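Before any questions on how it binds or moves, here is one chain, the form predicted alone, in structure tokens.
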């Protein structure tokens, strides 16, 4: 497919044909049926580079209908360049409405954040995945990786976490922290911060993970057990901003990010922050 073909499809609202959408939905249903299992799918060319959200975009286009309402965020920000362009692309291709309010969205596509609140049983959360294989850091051979998942042999992951703890005094892995889903498969939670990991456990919403470059889809269905890998005497901890408060809304109970070379803190979730200030 050429660039001109992609442009023609975008202008006609046909980024994915019905055959492609059905294939992605079938892979998604298989992923939901086996929580945490990586289901291969035929990743198509998208008007974004693979590695920049093409997998999440394909899932969003496949599951979104014209009666849906779509929210797209980039690191918690509704107004980032990536979020604005993807939202415009999805709504123009599917006919869905758009929103910045999580509670109004039926489909939320996110790059590395879970909205602070608002997702319920009627919500689908789509997360973009750069590297879907959680064991890539301890094993490179694809056949060995397949064997380890098939036999639930995650001992080398535990050894890696133990070595990290011994070497640094704490487990230093922050984003993409490995989790055991439904007491069976270890998954890569994408580069979401550790702050968001507990909110995947027993969540009322469906979470879909799409990796376009590596052609994999996996899922965490509603009300599924999600346990971060940790040791009995080393409790899992989320990020601590040492009592900092958002400079805009004054709250401290959301995930905060600091401005570069500054002591100023802001809520990562811009919609949540705006609602706390009463501006939305």
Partner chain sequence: MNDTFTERRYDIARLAIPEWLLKVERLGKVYGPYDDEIIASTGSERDTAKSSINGSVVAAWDVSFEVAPGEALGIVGESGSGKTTVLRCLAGDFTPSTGSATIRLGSDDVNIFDVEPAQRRRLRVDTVSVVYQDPSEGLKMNVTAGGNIAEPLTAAGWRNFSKIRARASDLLARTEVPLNRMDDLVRAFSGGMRQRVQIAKALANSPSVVLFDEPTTGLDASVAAGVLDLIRSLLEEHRIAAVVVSHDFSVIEMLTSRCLVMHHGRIVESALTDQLLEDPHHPYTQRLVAAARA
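Since the structure is predicted, the reported quantities are computational estimates derived from the model, not experimental observations. Numbering follows the first chain given and starts at 1.
Keep in mind that the form predicted together with the partner chain is missing from the display, and what follows is about it.
In the predicted complex, the partner chain lies within 4.5 Å of some heavy atom of residue 231.
Residue contact with the partner chain in the predicted complex: residue 156 places a heavy atom within 4.5 Å of it. At the 4.5 Å threshold, heavy atoms of residue 117 stay clear of the partner chain in the predicted complex, well away from it. Mapping the unseen interface onto this chain, residue 165 counts among the residues with a heavy atom inside 4.5 Å of the partner chain in the predicted complex. Heavy atoms within 4.5 Å of the partner chain in the predicted complex map, among the stretches 232 to 240, 219 to 227, 28 to 36, 60 to 68, onto 232 to 240 alone. The partner is not shown here, but in the predicted complex the stretch 124 to 152 reaches within 4.5 angstroms of the partner chain through a heavy atom at 147, 151.
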